[in-house]
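Starting off, we have a lone chain in the form predicted alone, written out as structure tokens.
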Amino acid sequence: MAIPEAGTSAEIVYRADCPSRPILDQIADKWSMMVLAVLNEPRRFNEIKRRLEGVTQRVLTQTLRRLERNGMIVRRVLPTSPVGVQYSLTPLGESLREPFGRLYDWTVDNADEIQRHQMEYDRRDQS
């Protein structure tokens, strides 16, 4: 990731009114990342909910709406009885799979070290 140099016009990313901030807030949260990972193929709402242990129906609905609004996923009403809904990635959403995959791999690779640091910090903080 390129970090803007101090004093450059690219430094706008640090400003509160930078347009990238709400987008990052909306796509880089835990549930959005997990939904994008689960949508490696089109899935129905309840299938997504079953795969994402711990997500509430309300939070999943909000997450799906936010991702749809941002153009990351598409919602398709299925001609079934009762009516079903299926979600799938758009090309824009698909383009996030690779960078999110790298972030996920980094997280898994470094989880033990991070947990060691957390425990060490917590021990120091309690002293």
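Since the model is a prediction, treat every value here as computed from it, not as a measurement. Throughout, we count residues from 1 along the sequence that is shown.
There is also a form predicted together with the DNA; it is not shown, and the following applies to it.
Of the residues 38, 85, 28, 74, just one reaches the DNA in the predicted bound form with a heavy atom at 4.5 Å or closer; this is 85.
The shortest heavy atom separation between residue 33 and the DNA in the predicted bound form exceeds 4.5 Å. Contact check for residue 65: a non-hydrogen atom falls within 4.5 Å of the DNA in the predicted bound form. Taking the partner from elsewhere, residue 61 is found to have a heavy atom lying within 4.5 Å of the DNA in the predicted bound form. With a 4.5 Å cutoff on heavy atoms, residue 51 does not count as touching the DNA in the predicted bound form; it lies far away. Along 43-61, these residues reach a heavy atom to within 4.5 Å of the DNA in the predicted bound form: 44, 45, 46, 56, 57, 58, 59, 61.
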